[in-house]
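First, one chain by itself in structure tokens, the form predicted on its own.
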Amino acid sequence: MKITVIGAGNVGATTAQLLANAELANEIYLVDILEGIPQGKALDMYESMPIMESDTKLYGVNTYEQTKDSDIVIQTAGMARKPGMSRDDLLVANANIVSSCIKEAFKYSPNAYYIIVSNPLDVMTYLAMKITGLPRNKMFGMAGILDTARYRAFISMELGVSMQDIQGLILGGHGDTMVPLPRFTSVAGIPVTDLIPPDRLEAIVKRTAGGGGEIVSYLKTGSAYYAPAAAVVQMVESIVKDQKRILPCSVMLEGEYGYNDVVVGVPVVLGKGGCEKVIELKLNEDEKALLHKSVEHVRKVIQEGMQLINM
């Protein structure tokens, strides 16, 4: 298994480290345009492998030739948010960055599975699909897993119970219009609505939607990276080990939930075939309305993004 991580910033480097620690690849290539940065970080990680008892080999590169025939490519390169910025504010800069990176990676690894992490994530996933022509089983975005992890963490804080017993689900775009679903949330099989009062649950849902912004407000000069990297690793593990986990990911909808030609987060089956199946939930009218609002917001930003790069 050969994995390429594009971007040696906080998200990319943390992703590479976690992948290597878990020994999910024989070789990991960390790519970045800044000379010396990927080389130094990859060497530092490589030197930690004896301690982690992993035989994964890590290489830092500035061009894509050595990434040839990667099995999985993870796109993390892009500008990070600053306080007061939304994910959509990154559209102009990151559309150009992602376009350039994906074209180069695809030139050398046309058969890889591609996981998009750069923001605005749903739009960047759509853009990458249009650039490569890859089907949705080969190109998808990390978002729902991260959003759901935040949601579960906040529920755990509220109840003082193990996160392992909390199951949750979030649909829609990766941003303020995401759609947490309390009706599909449980704690050890107990509906969360039986455990948390409506006003507190509403506050948790609101905090989840603004979870990334909350971290940006603390960091001032960067955005979240530990949880996003962990979310990517969960996706890679499900593919590499053919676990067929049902995980919320950003994929192109082809009629599911009544939508076409738009990328949003929905539950999917991830296995050796990539995104092998989209799970279509039976939503009530309120949930449908929230999803519609989220989808239409993503569609609007997608149209803006396509105009920026004349596609």
Ligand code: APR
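When you see a residue number, it is the position in the sequence shown, counting from 1. What you see is a predicted model, and the numbers here were worked out from it, not measured in a lab.
Not pictured, yet referred to below: the form predicted together with adenosine-5-diphosphoribose.
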- [ ] May I ask you to check whether Gly168 falls inside a 4.5 Å heavy atom distance of adenosine-5-diphosphoribose in the predicted complex?
- [x] no
- [ ] Flag Ile115 as yes or no: does it have a non-hydrogen atom within 4.5 angstroms of any non-hydrogen atom of adenosine-5-diphosphoribose in the predicted complex?
- [x] no
Task: Distance check, Val11 to adenosine-5-diphosphoribose in the predicted complex, heavy atom within 4.5 Å - done: yes
TODO: Mark Met52 yes when one of its heavy atoms lies within 4.5 Å of a heavy atom of adenosine-5-diphosphoribose in the predicted complex, and no otherwise.
DONE: no
Task: Residue stretch of 100-108, 153-161, 237-245, 177-185 approaching adenosine-5-diphosphoribose in the predicted complex, non-hydrogen atom distance within 4.5 Å - done: 100-108
- [ ] Scan Leu90, Val233, Leu134, Leu127 and let me know which has any heavy atom within 4.5 Å of adenosine-5-diphosphoribose in the predicted complex.
- [x] Leu90
Open item on the list: adenosine-5-diphosphoribose is absent from this chain, but in the predicted complex, do Gly172, Val251 and Val268 each have a non-hydrogen atom within 4.5 Å of it?
Closed with: no
